[in-house]
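Only one chain is shown below, in structure tokens, and it's the form predicted on its own.
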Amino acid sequence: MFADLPTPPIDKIIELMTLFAADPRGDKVDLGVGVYRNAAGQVPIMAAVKDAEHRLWQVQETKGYISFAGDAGFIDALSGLVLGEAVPADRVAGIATPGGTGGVRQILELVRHLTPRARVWVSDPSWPNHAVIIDHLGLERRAYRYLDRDAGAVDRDGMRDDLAGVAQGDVILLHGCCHNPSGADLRAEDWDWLAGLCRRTGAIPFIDMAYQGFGTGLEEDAAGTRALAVQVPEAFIAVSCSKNFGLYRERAGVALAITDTGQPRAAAQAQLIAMNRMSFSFPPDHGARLVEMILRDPVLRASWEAELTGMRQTMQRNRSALAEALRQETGSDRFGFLVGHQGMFSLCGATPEQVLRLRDAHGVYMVPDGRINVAGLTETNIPKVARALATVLG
């Protein structure tokens, strides 16, 4: 059976992790793997998560199954975090999923089931796994221009020109905030334009919300998603708890479908549940239960929000410090765009060949497209990274 099975390509992130671990240099810098690190280089467990786990350990008396949809309290709490009061709860169908990636997969599975000829429009650039999942499911994928790479900003004219080709039933995949990999986010007028486009054409927006709270703030980061959801009859949202709750390995997320009340909502809920049943039956619950506890308990929530604010401010300081160090090294503001970006990531403009030189000659690791994780920067390594970038990028 396996003798002639082709070996799939190695995931670039996993390959980078392996290479970094094997590098003996003491001053190597990991700007590749998409996790938040503190000043000591650790991926911390948030204090609210530890407190919630302790409470859960004291009161939980069973590990029995919950339901195919997952815990209703968790889905409701996370839906509320993203949507606020923008959409009535009786218009929202939802399931728990294994992380945000699971949410993306389940929604795209549902799209294939309902409208197999739908085209899925993906920003160029985007998180690589978007394309991988779409292609694996056999859906037609189209790209729309998103980033003006010279300016390091959203290419609004290119995006609007390309998306003029969407048709009824097509799906437009959007990043809710903290665009991965570019860090360049849409403005309020962009979200309003997208809402108008979807209303005119019958296209359905699909928002991947993976970094709420990492950009400007919890409410601010959700503003675009809420503005869009208010204005369209249908939408999909995948939500991840990996980054903003630090629950990477616990795989906590949801898939949401916004539709009309009554039968449409009931049908959407039934289909989402069927997706879970066919894929993995019951979604994981431990991380989901911790998130629900944190969002429902005022003390835990205050602790979580305070620590999340600190994480966001650290990344913002890292951005500013790197941009300033690069200005000193290059004598120009060519990297000034970094300050205006949001979240963990930015594209520094390095080619794959330059990425290799950064790694081999300077011990600075990043993925081949030149994406840097600003959470991997520290006060100590920023001067080294700036010198390396200035030397290699010229």
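These numbers were taken from a predicted model, which means no experiment stands behind them. So that there is no doubt, residue numbering starts at 1 and follows the sequence shown.
In what follows, reference is made to the form predicted in complex with a small molecule, a form of this protein that is not presented.
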| query | finding |
| --- | --- |
| Which of 31-39, 346-354, 321-329, 45-53 sits within 4.5 Å of the small molecule in the model of the complex, heavy atom basis | 31-39 |
| Three-residue site A188, F214 and R312 fully in contact with the small molecule in the model of the complex at 4.5 Å by heavy atom | no |
| Non-hydrogen atom contact W304 with the small molecule in the model of the complex at 4.5 angstroms | no |
| Contact of N180 with the small molecule in the model of the complex (heavy atom, 4.5 Å) | yes |
| Proximity of W127 to the small molecule in the model of the complex, heavy atoms at 4.5 Å | yes |
| Any non-hydrogen atom of I13 within 4.5 angstroms of the small molecule in the model of the complex | yes |
| Residue (of R105, H175, K243, R289) lying close to the small molecule in the model of the complex, criterion heavy atoms within 4.5 Å | K243 |
